[in-house]
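In the form predicted on its own, a lone chain appears below as structure tokens.
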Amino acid sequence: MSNPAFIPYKPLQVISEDEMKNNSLDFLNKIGFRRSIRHFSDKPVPLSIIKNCIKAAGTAPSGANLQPWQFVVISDPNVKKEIRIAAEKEEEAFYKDWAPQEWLEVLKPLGTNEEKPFLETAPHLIAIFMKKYAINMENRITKNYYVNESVGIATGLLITALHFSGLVTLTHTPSPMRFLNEILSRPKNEKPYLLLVVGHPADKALIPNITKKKFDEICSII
């Protein structure tokens, strides 16, 4: 095996420590306004914005740089309706049949239920798939590594990019989600990771009155 080629790293810019602190605080202040939204407007969102944000997600680090993700953008109203019907079927079974009472109690303050109208109202859905393995042109299978971690990082970048573009999102994870493979004609090596709802908030959109944990509750410095 030949050694990989390396090229010099060129940072975007060289800034002072004070600028670093200011940038980190500016980011903190802006990302602090990010919230999950369940009341969406049907106001159109240019596809070019969605594409730019997915390109940003594609810069995420991944195991062995194998980039084991696939993003499918759904804007067709008929396909969105089909996804809603399938998702609500799974959600109804979840809420009525097999969700533990403890989990339902945790969800109660968020006001969620099996009805998911946002899957049709929002202008775009992004189905995110993870690839446990890849299949090349000769039908040879190549294993991917650290798939969950890699796709999780890429998804975080995507949500952040959409937020900074002025859009709102909701991470929707009906279980199971294999119906997405069928509806979107995705191959068997792709497993649904989550469904990201993207758009503008509806007028008078409401959000739960909740807070995040304090810094000392989520971080230990040694």
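Since this is a predicted model, take the numbers as computed values, not measurements. All residue numbers refer to positions in the sequence shown, first residue = 1.
If you look for the form predicted in complex with a small molecule, you will not find it shown, but the lines that follow are about it.
A residue is said to contact a partner when one of its heavy atoms sits within 4.5 Å of a partner heavy atom; Arg186 fails this definition for the small molecule in the predicted complex, lying far away. Proximity of Leu110 to the small molecule in the predicted complex falls within the 4.5 Å heavy atom cutoff. Residue contact with the small molecule in the predicted complex: Val14 places no heavy atom within 4.5 Å of it. Although the partner is absent here, Lys191 lies well away from the small molecule in the predicted complex, with no heavy atom inside 4.5 Å. Only one of Lys43, Arg35, Arg178, Lys51 lies close to the small molecule in the predicted complex, with a heavy atom inside 4.5 Å, and it is Arg35. Residue heavy atoms within 4.5 Å of the small molecule in the predicted complex occur in exactly one stretch of 51-59, 27-35, 64-72, 160-168, and that stretch is 27-35.
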